[in-house]
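A lone chain, given as structure tokens: the form predicted on its own.
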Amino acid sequence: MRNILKSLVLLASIAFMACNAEPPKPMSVIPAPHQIEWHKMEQYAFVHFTINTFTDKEWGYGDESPEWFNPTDFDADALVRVVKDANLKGLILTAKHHDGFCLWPTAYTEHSIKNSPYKKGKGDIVGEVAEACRRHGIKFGIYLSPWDRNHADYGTDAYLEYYRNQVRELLTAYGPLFEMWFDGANGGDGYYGGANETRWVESGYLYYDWAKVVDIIRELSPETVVWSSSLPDARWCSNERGIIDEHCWAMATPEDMYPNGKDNMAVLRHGQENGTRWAPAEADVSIRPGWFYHDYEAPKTPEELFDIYLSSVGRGGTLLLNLAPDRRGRIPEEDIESLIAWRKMVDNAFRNDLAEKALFTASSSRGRGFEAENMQGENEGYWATADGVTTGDITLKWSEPIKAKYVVIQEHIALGQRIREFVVEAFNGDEWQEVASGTTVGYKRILPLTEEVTTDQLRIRLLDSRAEHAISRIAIY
């Protein structure tokens, strides 16, 4: 009997597979599973907090005494609760900035928290924040500046050994990490162990030999997204205003992003349709003008933060929003107020998906398993066209007119990024009128309509694509 049941199950499975169309072939460059999970986070926090907080500087010189680091009321749980209340899914902490001061009791230098008054030298900001993140379900990441204005050996092979030892130390003690962040700082004037001189490393990207750093990360925390100047899993969006360009591919070729050790702003800004690596744009921006706390600065308004959200998450990338604890070690109350008001604005704008009550139809379909209704609501399916079909129309129809302000389109990026050009049209009772248009989509594209549209039909016309379409969701708000 068991053999008969097994045979029936096998036959049913074969019949089901035979009735369903084959999925489209993936593009030549697709995201790794950990990159897809990173996309789904959408927004997360940066936290700049170190000795600069107490010297009122953005870049410390490297000669600061560890005794100057002395927050009076630091509470890692309070910090992480602010992040969680704002629905930021992760936190990247500045474990070491350019001044070289380390927020953990590293074994490799005395220029660290172990020689500060904080908890009488027994404190560990990195460890405390890492544990608080895990308690509250927030993913944890680290920023470790490659430039070190304190270290006497900066610019030599000895410093590279020091730096890689610290990467290994952090990952071993505090990993796994969801992201590790390395910027392109590569020299200038500094203390350098008392030399007080200027040191430029020749072609900094070559000096650091990032491939060896990435090997350490892959060994100890293989699902970490590497944000770097070379071999990146995610790239800089070319500015620190939180704005990703409307035309933006998630792919790029590392050699083209940083030719001769210099930023290629056009590639960073737009990506490359035929790039060799999945390296999507991340938009980094601070809630205040500076990255570290200064009492003469004020936070951005909720409205400003909302516009940044639309220009980052809404353009296929992620938002890395910096928060700056004050000398107490607390996020200032006015920053929290702005942050939570922004969160409410986002939640209110995107709470009710009107598309869930619409009838979805498409000009064509790949076949069973890839129908238009797969784009409705949150599900694991997606709509796809037949091989070679790179255009198409998707129509949403309601029984009663709705008022639309935002159109959201998401590609099934597990198969790659495809769309090159599209328009959105509304039916006014007599004819279709264009209300929005765009080029690239990627993980998520949010299109604010120029004005609220009242209609009972919306149509997305896909005008051009790199291959057959694969769209996971269309939402209307």
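Each residue number is its position in the shown sequence, starting from 1. Please read these numbers as outputs of a predicted model, since none were measured by experiment.
Quick note: we don't show the form predicted together with a small molecule, though the next part is all about it.
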query: Partner contact for residue 427 in the predicted complex: the small molecule, 4.5 angstroms, heavy atom; finding: no
query: 4.5 Å heavy atom contact, residue 124 and the small molecule in the predicted complex; finding: no
query: Residue contact check: residue 300 to the small molecule in the predicted complex, 4.5 Å heavy atom; finding: no
query: is_contact(residue 128, the small molecule) in the predicted complex, heavy atom dist at most 4.5 Å; finding: no
query: Single option in 231, 185, 389, 345 placed near the small molecule in the predicted complex, where near means a heavy atom within 4.5 Å; finding: 185
query: Proximity to the small molecule in the predicted complex, single hit among 151, 315, 98, 89 (heavy atom within 4.5 Å); finding: 98
query: Per-stretch contact check against the small molecule in the predicted complex, the hit in 284-292, 337-345, 76-84, 165-173 (non-hydrogen atom, 4.5 angstroms); finding: 284-292
